[in-house]
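We begin with a single chain expressed as structure tokens, specifically the form predicted on its own.
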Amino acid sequence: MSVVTVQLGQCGNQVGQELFDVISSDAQDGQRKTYSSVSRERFFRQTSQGGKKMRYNKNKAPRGFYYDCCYVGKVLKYFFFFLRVPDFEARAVLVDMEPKVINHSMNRAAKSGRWRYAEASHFSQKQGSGNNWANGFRVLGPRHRDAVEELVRREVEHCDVLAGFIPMMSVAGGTGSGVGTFVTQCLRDVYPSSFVLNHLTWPYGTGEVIVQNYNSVLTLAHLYQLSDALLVHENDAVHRICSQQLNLKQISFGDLNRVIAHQLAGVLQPALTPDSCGAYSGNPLGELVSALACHPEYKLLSACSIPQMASASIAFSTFSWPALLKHLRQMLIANTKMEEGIDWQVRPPPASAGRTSSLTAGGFNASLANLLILRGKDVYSAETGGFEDPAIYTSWLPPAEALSLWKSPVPFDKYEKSATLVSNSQALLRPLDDMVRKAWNMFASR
């Protein structure tokens, strides 16, 4: 099954380009075990123009590794359709009201030498949305609806089987939030049976746009009715990762986007589920939504990954599953997105104490559901019992149903062992409360 991304606005296009860069790099580096030629044919297809079938040279694999054609094929089938060796075109539609960011993203993709965007997969205009949500949602979106829907339709027709859509946007600006919300509404209308997973980037709490809180509240209010799930990355949390974990001094939006793309790819890359019978999961969006969006009123998801460190430090580091999972569990219950500065004093409350109604400062972060994705060496020996603790979850959902576990023996993005946790929890309550409070204060001061 294939996934089509819809990149909206400056943020959505920049994050999307970084995401495809990570995916294409990981697809070429993912090498493990050789599957039969039947398996290889299952995950590649010829073009109607009669292009050559994709071939990989397993003799060029690094020493000590086995070639994993199945893993590579699954990644490429999720996000790319085949043209000719070695060109792949991303299953993506790029939308912005200004051409500059789209042109930059397309040029960077073409220069990578591994993949590119289709020449006719983008839509742009000469004027922006002026950070005005209503202008994007009520004016620009409806005005250009037919053109955007036609681009999406063409991309969907390249898919043998459509799994769903990932609209990628910021909630602060005008195009990403306003036009992005309108496009999501169109996707739901035109493709009612397909999954829609919105990826949202939340702005800095100190402010990037004067009306960002208005835009964010309006975006979330509409998307909550349209999307199957909302996967959120906060700029403040990602900035701290860049500063404290990656030791970056001059942090740019490009640095933030690469961290977001790494975590997002860790969620979307192929993995084995308990019900997959040894085959990589066929519908990543459907399985993610069914695992985490267990209640229609609770759709906000957050993600964190471990390890996260500067590339120069990886060669001098060793990783073990007990240590990684111990840190990741504490990151979950203490509501922190990185290893640095974990509060080890936070503990789940006793069963007799009940649950608090909100997440207080330094308090315990209760979960509705968690998806734990493990990748790399000795993944099947990892002990995940700490995430099955009933104290972590709400009382009305059994831990066996609240925790989902995906695994892949293929190392991901230069890490020998890595883990990604996607959580439906109280983690986003505090930034959401702050956002709504600031919006009301601005409205009251008029």
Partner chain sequence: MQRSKAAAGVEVKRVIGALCRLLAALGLDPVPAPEAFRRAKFGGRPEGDPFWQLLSSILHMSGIISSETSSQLRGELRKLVAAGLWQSGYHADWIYGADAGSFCSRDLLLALGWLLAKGVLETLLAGRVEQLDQTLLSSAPEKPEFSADLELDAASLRRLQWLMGHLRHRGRTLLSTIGARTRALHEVLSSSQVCSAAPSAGRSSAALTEDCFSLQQLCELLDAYVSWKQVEKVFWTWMDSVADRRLCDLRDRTSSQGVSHSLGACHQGKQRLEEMLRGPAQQQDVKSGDADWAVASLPPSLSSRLSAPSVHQMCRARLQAEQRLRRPSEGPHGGAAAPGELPAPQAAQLLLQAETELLQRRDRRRLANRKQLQGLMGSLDQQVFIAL
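Positions refer to the first chain, counted from 1. Keep in mind it's a predicted model, so treat the numbers as computed, not measured.
Although not depicted, the form predicted together with the partner chain is the subject of the following passage.
At a distance of at most 4.5 angstroms from the partner chain in the model of the complex, all three residues D160, D275 and A291 contribute at least one non-hydrogen atom. Listed stretches are 165-173, 142-150, 366-374, 203-211; the contact stretch with the partner chain in the model of the complex is 366-374, by a heavy atom cutoff of 4.5 Å. Within 4.5 Å of any heavy atom of the partner chain in the model of the complex lies no heavy atom of Y380. In the model of the complex, none of the heavy atoms of F123 sits within 4.5 Å of a heavy atom of the partner chain. Not displayed here, the partner chain is kept clear of P350 by more than 4.5 Å at the level of heavy atoms in the model of the complex.
The closest heavy atom approach of S193 to the partner chain in the model of the complex falls within 4.5 Å.
The single contact residue among R188, H222, H327, R114, judged by any heavy atom lying within 4.5 Å of the partner chain in the model of the complex, is R188.
Note on the partner interface in the model of the complex: the residue among N132, N283, N235, Q245 having a heavy atom within 4.5 angstroms of the partner chain is N283. Contacts between stretch 122-147 and the partner chain, counted in the model of the complex as any heavy atom lying within 4.5 Å, involve no residue at all.
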